[in-house]
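Presented as structure tokens, the chain that follows is alone, the form predicted on its own.
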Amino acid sequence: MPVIEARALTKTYGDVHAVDGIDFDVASGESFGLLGPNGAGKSTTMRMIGGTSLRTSGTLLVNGLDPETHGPEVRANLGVVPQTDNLDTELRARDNLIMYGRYFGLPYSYLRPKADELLAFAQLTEKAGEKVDNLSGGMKRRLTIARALVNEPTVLLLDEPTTGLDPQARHILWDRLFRLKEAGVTLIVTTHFMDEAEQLCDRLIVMDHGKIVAEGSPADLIRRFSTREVLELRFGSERNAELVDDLRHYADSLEPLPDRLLLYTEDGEAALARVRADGHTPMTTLVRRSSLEDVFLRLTGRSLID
């Protein structure tokens, strides 16, 4: 039985279909991603899984239970990391964990050693007595994740877990999440960051306007919907659009963006050599491998941050 099973899952707000009849399964111990721009329906889907938003129609099971009719039982096995840290700023780091655990009815005899264990896991042992306001953004994020683990959940929902963090803090957080996955925790992740999705997710769905437009592993999606490499060319804001038709034949496909042109090809260096040999002189050039953002651009014509 899948840990999470959704069939024709729908959420509407008046005439707006925030989630529009999607189907997906999540296996136990899997790291599953929801990818898409703002307004794609990712966070709404997460709220329905957590039982904090009622679905309009369709079916949804979490550990075999309906979150709407078995809310307390479902939430007892869930950990939730929201987009924005909502820690109690008046409490110290360790007390945040203990007080949160009391909401689950957990006894102090369990919570005191558990808080110390989670602080060590989040690399915050030395900050146990610090008030939340004195912690850095990365520390607050790790404390929020530690708090979500106080009830030893089997499923952890992470909504934009590294937004606003610097690269070093992101890598530390990724390491903590890898350790959870190795321990058998199922991770459900929403993110805007392509490298994060490729690093963390075994499998993902790409959402746009409430619908699923693609599903698979990161490598599988890139293989199916993009080329091996992408050539990025900049000719200047005024000239990029003028050269679209002239440059199309150098690649399998071309995607114009406001600041650059993306040429999808199996060999970016060879395509660049042909472009230059024919007398085109771009201001800047970049050859890189295809990413999940390229997949989304080719599927929808939109950037993931739109």
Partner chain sequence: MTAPARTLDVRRSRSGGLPGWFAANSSGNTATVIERGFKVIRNQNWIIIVSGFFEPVFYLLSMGLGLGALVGTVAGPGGAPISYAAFIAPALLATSAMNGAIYDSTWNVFFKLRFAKLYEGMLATSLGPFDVAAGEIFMALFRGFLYALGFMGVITAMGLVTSWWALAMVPVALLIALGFASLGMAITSYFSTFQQMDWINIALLPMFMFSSTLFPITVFPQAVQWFIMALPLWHGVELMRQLSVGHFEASTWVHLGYFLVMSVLGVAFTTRRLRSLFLR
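Owing to the predicted nature of the structure, the values given are computational and were not obtained by experimental measurement. Note that the rigid core is defined as the largest set of C-alphas that superpose within 1.5 Å between two forms. Residue numbers count along the first chain shown, from 1.
Absent from the display: the form predicted together with the partner chain. The rest refers to it.
**Student:** If we take heavy atoms and a 4.5 Å cut-off, which stretch out of 199-207, 225-233, 135-143, 87-95 is in contact with the partner chain in the predicted complex?
**Tutor:** Going by heavy atoms within 4.5 Å, the stretch is 87-95.
**Student:** Would all three of 194, 216 and 252 be in contact with the partner chain in the predicted complex, where contact means some heavy atom lies within 4.5 Å?
**Tutor:** None of them does, since no heavy atom lies within 4.5 Å of the partner.
**Student:** Tell me, which of 156, 221, 212, 180 has a heavy atom within 4.5 angstroms of the partner chain in the predicted complex?
**Tutor:** Flagged contact: 180.
**Student:** Check each of 172, 165, 128, 76 and return the one that places a heavy atom within 4.5 angstroms of the partner chain in the predicted complex.
**Tutor:** None of the other options qualify; the answer is 76.
**Student:** Is residue 268 part of the interface with the partner chain in the predicted complex - any heavy atom within 4.5 Å?
**Tutor:** No - in the predicted complex, heavy atoms of residue 268 and the partner chain never come within 4.5 Å of each other.
**Student:** Spell out, yes or no, whether the shortest heavy atom distance between residue 68 and the partner chain in the predicted complex is within 4.5 Å.
**Tutor:** Judged by the heavy-atom cut-off of 4.5 Å, residue 68 is in contact with the partner chain in the predicted complex.
**Student:** Would you classify residue 53 as touching the partner chain in the predicted complex, given a 4.5 Å non-hydrogen atom cut-off?
**Tutor:** Yes, residue 53 sits close enough to the partner chain in the predicted complex that at least one of its heavy atoms falls within 4.5 Å.
**Student:** Is it the case that residue 187, even though its partner is missing from this view, gets within 4.5 Å of the partner chain in the predicted complex, heavy atoms only?
**Tutor:** Residue 187 lies outside the contact set for the partner chain.
**Student:** Taking the partner chain in the predicted complex, which residues of 91-128 have any heavy atom within 4.5 Å of it?
**Tutor:** Read in sequence order, the residues that approach the partner chain (within 4.5 Å, in the predicted complex) are 91, 95, 99, 100, 102, 103, 104, 105, 106, 107, 108, 110, 114, 117, 118, 120, 121.
**Student:** Aligning on the rigid core, do we see the C-alpha of residue 114 shift 2 angstroms or more between this form and the one not shown?
**Tutor:** No; that C-alpha moves by less than 2 Å between this form and the one not shown.
**Student:** With a threshold of 2 Å on the C-alpha, tell me if residue 88 counts as moved between this form and the one not shown once the core is superposed.
**Tutor:** The answer is yes; the displacement is at least 2 Å.
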